[in-house]
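Read the single chain below, which is given as structure tokens and is the form predicted alone.
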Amino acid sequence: MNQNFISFEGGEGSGKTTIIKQLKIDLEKQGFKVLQTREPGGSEIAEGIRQIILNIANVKMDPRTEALLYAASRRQHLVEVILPALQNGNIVLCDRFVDSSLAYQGYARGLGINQIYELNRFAIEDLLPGLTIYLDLDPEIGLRRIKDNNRACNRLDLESLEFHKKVREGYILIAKQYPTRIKVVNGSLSKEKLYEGVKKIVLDYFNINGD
């Protein structure tokens, strides 16, 4: 684990990106160097893989192919972006990391959480975030937010509500397995309360006075 590496997890429409953006600003005000990044993607090659994974034309993609593509994208992102930033003394705020694969492919796709973790161990060489924040939200609310915000539809948005419910079940199960690393936040709170809750967790994690 790397203390300066923080990942954010949640289902579709949980608000991760908005929170990370504001948190970056607030941490920089405290004098930290901060890198904001995302998965799948984050580097040129990884973004290319992202386009394949999320393309709505690729509805025939086999679950194992999907899992392998995520792991490949993660590896490239790790060596090109995350590791250099950490070595440079940055705090890295990452929108999704390995827990997404555990919840989506391992649990919701039925490939097995342990099996998907072992697959990803090869990609990440056992590097895990020091802190992971999971925004827990009813999938119906999250999918409605996406629709209301007119976000471009991707392949995962086409999955059934039942699939997204299983993703949530997977995340809750994983959070119970890693209670020290993963902190669960109620994603149905107002934007302001949600952000303040996340901010407090991060400031406490770094022993920073939030006043």
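All residue numbers refer to positions in the sequence shown, first residue = 1. Quantities reported herein were computed from a predicted structural model and do not represent experimental measurements.
Below, we refer to the form predicted in complex with thymidine-5'-diphosphate, which is not included among the displayed structures.
Relative to thymidine-5'-diphosphate in the model of the complex, residues Arg74, Arg151 and Asn154 are all within 4.5 Å by at least one heavy atom. In short, of 173-181, 24-32, 56-64, 39-47 it is 39-47 that has heavy atoms within 4.5 Å of thymidine-5'-diphosphate in the model of the complex. In the model of the complex, thymidine-5'-diphosphate sits within 4.5 Å of a heavy atom of Ser100.
Along 12-39, these residues reach a heavy atom to within 4.5 Å of thymidine-5'-diphosphate in the model of the complex: Glu12, Lys16, Glu39.
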